[in-house]
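One chain follows as structure tokens, the form predicted on its own.
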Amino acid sequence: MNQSGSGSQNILRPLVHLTNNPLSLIGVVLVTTAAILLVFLAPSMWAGSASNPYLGILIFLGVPSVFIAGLVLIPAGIILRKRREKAQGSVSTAFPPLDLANADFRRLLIFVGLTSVVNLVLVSQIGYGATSYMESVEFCGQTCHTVMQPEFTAYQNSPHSRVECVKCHIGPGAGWFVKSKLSGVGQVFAVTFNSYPRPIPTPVHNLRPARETCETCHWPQKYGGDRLRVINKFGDDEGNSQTKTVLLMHIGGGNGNVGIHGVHLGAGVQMRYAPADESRQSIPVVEYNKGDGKWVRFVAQDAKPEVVAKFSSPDSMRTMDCMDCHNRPSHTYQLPDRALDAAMSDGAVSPSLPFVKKESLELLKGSYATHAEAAQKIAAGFEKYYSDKYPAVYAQRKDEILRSAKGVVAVYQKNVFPEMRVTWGAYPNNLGHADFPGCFRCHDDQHVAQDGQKIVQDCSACHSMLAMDEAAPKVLTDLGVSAAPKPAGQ
């Protein structure tokens, strides 16, 4: 057989011959698939403006894995064929030239050409659908069902329930996209080997700055005016006596740095603070610049000197942003008393049933191993209470009682997740100060500067108290606001 040809041909001829085996051909398919995937997906990523952030799962994890697998299979097939020919005594030392007259070379070209065409069709169709799904809320919230059930449930009941998860958790640009992918690798392994913590800790140490996510929709410096807030509360007496607290919230913003947003995030205002730990529920040091370039350092009176010393430089402190107060904007979990008040105000639990608040609270605070067990025991306990204690009410209003029982179960299932050890109060909400320290982490009248200034605990700075635990606040009547809760089931 003619062996003339260039040095490269003399090297490639035996490789073409040996590559014609099933294992190497599978490797060729995988390498070809990976290459075509990169052609389709990579350009938008390198531009730094990918509209589908979860394309990175393919680009940074899937494609390299497929490509490497193909590279491994090709030489593995060559080695196995060479060993087989040697064992059979049929090792060839003469190979035809690499032209269309060479049957092995012709078959390889045809195989690569056909697989490339098939890959183009499949990748363009399936790849688009897959990547679109991987950026969806369903993928984020339901792929790892048990792990993400608490966050997904809270998200569905939040003001951001129509905003895709990736808009806030990743945002635009390539830098944070890559960081999220690297973080995701560890999360995949944690779920695979069941080594993830329960409950999942809030990722306060690696959240993207709010100015790059929240502020693409919200503008804290814009004047927000004053907003009326009505807080309903029901007593634990037989009549579930209802009272209302009415607050006028001074949101503020771009109106001379007054109001909540104005003081904290107004024009020129800068704030940084030192949290005692990752939960940020204790803040020993705060530094404030009201826009005149002068920084004032406030230190909690009970702060330990060694803790304060750790935060002697600005680089050691965190710059305050939206997430320091609005820390659960899409994943809020309520305490049982407040959650039940909301359900009774909405009519999901009938406020006209005797002792419904007291009995519901006792059932909600019970210990249950799963959601299914909670649903069964809460509903059964609720129905039994009325059938035993108020048989006449049970006979006349059974449908209302059963609907209310479902409402109590729903309160539990929105806030407690036994499988993930998410119990009442597991995730503090820093907005306000009624249930958790919140505002009082700094506004406790205990943070003092060297010149004697204090971060004051002045309620009127944030809101005006128009009514406090009143049955029928006159201000609501004057404003034409209804004071009656919704009927059960509506």
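All residue numbers are counted from 1 along the displayed sequence. Keep in mind that what you see is a predicted model, and the values were worked out from it rather than measured.
As for the form predicted in complex with a small molecule, it is not shown, yet the points below apply to it.
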query: Which of 370-378, 400-408, 260-268, 307-315 sits within 4.5 Å of the small molecule in the predicted bound form, heavy atom basis; finding: 260-268
query: Non-hydrogen atom contact residue 348 with the small molecule in the predicted bound form at 4.5 angstroms; finding: no
query: Contact of residue 165 with the small molecule in the predicted bound form (heavy atom, 4.5 Å); finding: yes
query: In the predicted bound form, residue 384 touching the small molecule (heavy atom, 4.5 Å); finding: no
query: Partner contact for residue 424 in the predicted bound form: the small molecule, 4.5 angstroms, heavy atom; finding: no
query: Candidate from 301, 216, 396, 352 lying within 4.5 Å of the small molecule in the predicted bound form - any heavy atom; finding: 216
query: In the predicted bound form, the one of 243, 413, 330, 334 near the small molecule [non-hydrogen atom within 4.5 angstroms]; finding: 330
